[in-house]
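Take a look at this single chain, the form predicted on its own, given in structure tokens.
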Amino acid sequence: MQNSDDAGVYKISEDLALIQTVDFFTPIVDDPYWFGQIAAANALSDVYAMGGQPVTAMNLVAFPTKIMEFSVLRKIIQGGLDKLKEADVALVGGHSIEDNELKYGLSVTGFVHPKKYWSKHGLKPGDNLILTKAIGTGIISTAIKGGLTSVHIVEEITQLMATLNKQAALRMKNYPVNACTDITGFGLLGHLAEMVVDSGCSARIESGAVPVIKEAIEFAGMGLFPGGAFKNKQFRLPFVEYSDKVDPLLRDIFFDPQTSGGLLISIPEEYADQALADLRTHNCTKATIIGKIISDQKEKIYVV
């Protein structure tokens, strides 16, 4: 693989390649079991974004043994293990260290055909862009830390982040995907910018079509953005042009860093409606066509 992508691909034979990735982070929810679930779903996501099937995983743990009970660690590990079972992935080991700050994640290995993996570098003019999950989890997580969210919102956002991209990837294997990535720390426009750079084309995003968690808009209006959102915006803003009608809040929300976000899929327009219907009937109820790829060598993102 010559370009940077969501995971590494190593060819074993003419019909088999390995996909390898690793990810871990500090807790974003208070419940240790659900933290384990979310961290596992997030680590597995890069394999799904490459069109692969994850097969094995290894735990990565940094744990403050002097200030936390081991029961917390057991719950985190159980959450991760249960998510791996859901994904049909075998846990084959791992590594742990003592640290002042709790961290958990996974190293994941998957399989893919060496000529059939999805790259983020394959956009074609005329493609439609499908996003499979709503965005706004970074903003909601910030509100959770501030004690401003209801139990209902905490449960909703936790379930969203713990949802695997497995079904989305499985359904999309039935269609000619030209490019794919998952939306995580760089936010929607940050990850789309990675796809647009060096593509020789541009993207047009319909701001009103992007699925955004309703409460995220409310909290954004209160200024509850994670610091990463502004770093993302500062870094990629030169690639983005907004029409005057785009809500200023949405301009920031589109850079909100996500945890275990959805897939962003570039697919020929003639397959988009069928693929969208397929996704929505297979556990991706928020999947939406949010824009299209246009023939424009400026390599810009036009948000209208």
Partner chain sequence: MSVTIDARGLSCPQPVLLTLNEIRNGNDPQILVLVDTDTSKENVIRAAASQGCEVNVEPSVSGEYRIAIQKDK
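Residue numbers count along the first chain shown, from 1. Not measured: the values here are computed from a predicted model.
What comes next is about the form predicted in complex with the partner chain, which does not appear here.
Q: Would residue 220 show up as a contact with the partner chain in the predicted bound form if we use heavy atoms at 4.5 Å?
A: Within the cut-off, so yes.
Q: Looking in the predicted bound form, any heavy atom of residue 164 within 4.5 Å of the partner chain?
A: So residue 164 does not count as contacting the partner chain.
Q: Any of the heavy atoms of residue 224 lying within 4.5 Å of the partner chain in the predicted bound form?
A: Yes.
Q: Consider residue 142 of the chain shown here, and say whether it contacts the partner chain in the predicted bound form, taking contact as heavy atoms within 4.5 Å.
A: Contact with the partner chain, yes.
Q: Taking the partner chain in the predicted bound form as the reference, which of 55, 276, 249, 29 has a non-hydrogen atom within 4.5 Å?
A: Flagged contact: 249.
Q: Counting any non-hydrogen atom inside 4.5 Å, which residue from 122, 200, 176, 146 sits next to the partner chain in the predicted bound form?
A: Here the answer is residue option 146.
Q: Which among 267-275, 235-243, 58-66, 249-257 is in contact with the partner chain in the predicted bound form, heavy atoms within 4.5 angstroms?
A: Result of the contact check: 249-257.
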